[in-house]
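Take a look at this single chain, the form predicted alone, given in structure tokens.
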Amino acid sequence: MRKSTAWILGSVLLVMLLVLGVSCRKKVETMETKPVQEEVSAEEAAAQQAAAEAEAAAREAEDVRLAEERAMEEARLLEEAAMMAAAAQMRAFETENVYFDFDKYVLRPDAMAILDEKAAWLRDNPEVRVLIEGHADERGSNEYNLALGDRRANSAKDYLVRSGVAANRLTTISYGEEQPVCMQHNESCWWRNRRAVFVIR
């Protein structure tokens, strides 16, 4: 009886020790794993924050790149528009002629208005040089018309010089009747040939 009681007590004691040991081991394991889990979750949070910061930095860099591209494109378009406007002004300068009355080289009021515009443009564009061509209609001799064309070209040049354009930027030539723009033999055609033409060089 004593043996079985001792054996029972021993067994109970052994079971209690086992239970106590398992419980302690669980506590130790829990205590040991808890900081590890906390450490892992802190690392994950840091990694997530780093990833978010990297993504934000990448977005910001992309925004800066796109803004720079837009600015460059706008600058290119502005430059292109300025070049097109300058080319249009040059075409307008060259295509607007000054016309004269028959056998005259004195500037008419409409011619002076045109020359005022040309002078203003030339003052704004000091690098431009101009050849002024003098022309006449077919009436009169070749020699007379060459001299008349020369007087017409120089009349336009003198007006531009008086308007503030440097004389060394302007040269003249006379073609007389040699380069008509209209070939019919009547006044509606002849007046178009009595002209000064301006060519940018």
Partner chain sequence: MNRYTNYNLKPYLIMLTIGLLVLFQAVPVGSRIYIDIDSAMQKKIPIAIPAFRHEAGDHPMGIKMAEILSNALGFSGLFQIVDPAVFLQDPQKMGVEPGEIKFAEWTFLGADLLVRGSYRTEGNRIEAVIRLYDVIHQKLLLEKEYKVTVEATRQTVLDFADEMMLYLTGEPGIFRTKIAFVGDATGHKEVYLANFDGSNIRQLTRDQSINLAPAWSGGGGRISFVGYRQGNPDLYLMDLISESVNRISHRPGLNIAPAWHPRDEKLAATLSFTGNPELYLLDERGEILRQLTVNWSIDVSPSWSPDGKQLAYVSNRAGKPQIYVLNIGTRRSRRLTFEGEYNTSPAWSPRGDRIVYSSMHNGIFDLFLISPDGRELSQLTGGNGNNENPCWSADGRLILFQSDRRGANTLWVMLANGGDQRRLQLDLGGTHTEPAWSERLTQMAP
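Numbering follows the first chain given and starts at 1. If you're wondering where the values come from, they're calculated on a predicted model, not measured in any experiment.
FYI, the form predicted together with the partner chain isn't displayed, but the following is about it.
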| property | result |
| --- | --- |
| Heavy atom of each of Q89, F93 and P126 within 4.5 Å of the partner chain in the predicted complex | no |
| Contact segment among 81-89, 117-125, 101-109, 68-76, judged by heavy atoms lying within 4.5 Å of the partner chain in the predicted complex | 101-109 |
| Any non-hydrogen atom of S163 within 4.5 angstroms of the partner chain in the predicted complex | no |
| Contact label in the predicted complex: E133 to the partner chain, heavy atom within 4.5 Å | no |
| Partner contact for D63 in the predicted complex: the partner chain, 4.5 angstroms, heavy atom | no |
| The partner chain contact at Y159 in the predicted complex, heavy atom, 4.5 Å | no |
| Listed residue that, although the partner chain is not shown, lies within 4.5 Å of it in the predicted complex (heavy atoms), from Q48, S141, S41, N168 | S141 |
| Partner contacts for 115-132, taking the partner chain in the predicted complex and a 4.5 Å heavy atom cut-off | none |
